[in-house]
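In structure tokens, the next block holds one chain alone, the form predicted alone.
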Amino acid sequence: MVCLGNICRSPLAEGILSNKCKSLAVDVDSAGTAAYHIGKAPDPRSQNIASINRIEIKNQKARALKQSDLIEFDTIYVMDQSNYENTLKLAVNDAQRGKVKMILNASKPGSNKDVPDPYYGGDDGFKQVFDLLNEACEIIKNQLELELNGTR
């Protein structure tokens, strides 16, 4: 899960998908394409909306996306077009470029819609982001179940 600073959207996405995939053998992580907040916990508003939905993200720490992430992870979900382009810059081959996906394409295929950055807004923005990510992560979890059960 990748956003700009790794304190708002991507920690929420990591928390949501991790929570949904508790019974699956998958690793979920998040990172940012900018090094603004390395080592910091998620924004308190992200922590709050996650907590309201019984998801704990307060122990996450922001980190920068690394080229090795494109090797280690099977899929890199990005929150918006800018982070999509920045993530692709780290890719060294077509296989790595093929791993990078816009997260909302899971719930709205082919739309290439951005998850809005709620950082400069109020609490309503964080609820909207949670709802968008929750819907996309439910579909991603269902796809993972199919893949891991060998039915896809």
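Note that the structure is a prediction, hence the values are computed from the model and not measured. In case it trips you up, residue 1 is the first one in the sequence shown, and so on.
In what follows, reference is made to the form predicted together with a small molecule, a form of this protein that is not presented.
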Q: Tell me, yes or no, whether residue 1 is in contact with the small molecule in the predicted bound form, where a contact means a heavy atom of each within 4.5 Å.
A: no
Q. For residue 117, is any heavy atom within 4.5 Å of the small molecule in the predicted bound form, or not?
A. yes
**Q.** Interface stretch in the predicted bound form with the small molecule - options 66 to 74, 102 to 110, 34 to 42, 88 to 96, non-hydrogen atom within 4.5 Å
**A.** 34 to 42
